[in-house]
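To begin, one chain is listed below as structure tokens, in the form predicted alone.
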């Protein structure tokens, strides 16, 4: 009969080098991610006036308080709006750019670099550019153009209230579409040209070739990047903070969390908000992992 402890020793001896290599990363991840997360969960069940554990245990009172907080509910609704507008405005842009770029014969490298330049600009610097662009005074770029056309200036990010979120999503799309485009472009370049040639022989036009060959190839990546985009947009923070500052019509969940926990020093409610945001992100991450595992299973079957 084979000794199970002997197999365990062989396994540990064989893999000890790998475990030692990942040990520093695991320790750092535990110290900087899991311990603060668990501490935040603990704080959410106490009545804390500062960042100590001297408060009293209040159970789920902090969670009841935040869901009775109109500003928190408003920020939750705003975050859903960010997701909605990111799918309407920004999701198809990288796909369109990748398909367009794949059809270009000359200067493809130049266009690829140019479209990806905004991704290299630091986020705060990029938002500073758009602040100047949307400035409500006559010195703003858009209002200056309107003034030259004889149209009165518009307070772009504050009036009407529903205009702020689509404009913020527009800036986010400008910033990140180039990087996502490169992912789609890399997939498009793996498509065998014979598929397109066969479609041409069958009389398929450009749109039919895209529908029959291009989009089915991109479908796996589209599903994955859709979930990743929702996760990223759910964590929007510095864009509305820099562009609209204290405008409640553009508050995101992370922005109201920052205001509650850091600016207003309401630590307990801020911790509860953090737990709620983390739960949303865990659910979205679980969906992402299920989608990717399903896609990997389909690839193996092929």
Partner chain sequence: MKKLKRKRGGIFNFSDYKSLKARILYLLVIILLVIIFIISIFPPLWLLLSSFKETDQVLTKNFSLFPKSIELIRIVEVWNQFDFGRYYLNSFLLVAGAVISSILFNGLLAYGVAVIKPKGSHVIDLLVMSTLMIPAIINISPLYMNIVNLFNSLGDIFNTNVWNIPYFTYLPLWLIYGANAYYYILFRIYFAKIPKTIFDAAKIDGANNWQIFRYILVPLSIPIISVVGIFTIIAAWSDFLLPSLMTQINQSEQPIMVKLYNMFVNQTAQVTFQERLMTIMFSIIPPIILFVIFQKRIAENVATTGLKE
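Only the largest set of C-alpha atoms that superpose within 1.5 Å between the two forms is called the rigid core. Everything quoted here is computed from the prediction, not taken from an experiment. Residue numbers count along the first chain shown, from 1.
There is another form of the same protein, the form predicted together with the partner chain; it is not shown, and what comes next is about it.
Among the residues 219, 201, 88, 186, the one placing a heavy atom within 4.5 Å of the partner chain in the predicted bound form is 186.
With the partner omitted from this view, the residue of 73, 212, 182, 83 that lies near the partner chain in the predicted bound form is 182 [heavy atom within 4.5 Å].
Within this chain, residue 58 is remote from the site of the partner chain in the predicted bound form, having no heavy atom within 4.5 Å. In the predicted bound form, no heavy atom of residue 63 sits within 4.5 Å of the partner chain. Within 4.5 Å of some heavy atom of the partner chain in the predicted bound form lies at least one heavy atom of residue 118.
Taking non-hydrogen atoms only, residue 92 never approaches the partner chain to within 4.5 angstroms in the predicted bound form.
Residues of 21-42 lying near the partner chain in the predicted bound form, listed in sequence order, are 21, 22, 24, 25, 26, 28, 29, 31, 32, 33, 34, 35, 36, 37, 39, 40, the criterion being any heavy atom within 4.5 Å. When the rigid core is held fixed, the Cα atom of residue 283 travels less than 2 angstroms between this form and the one not shown.
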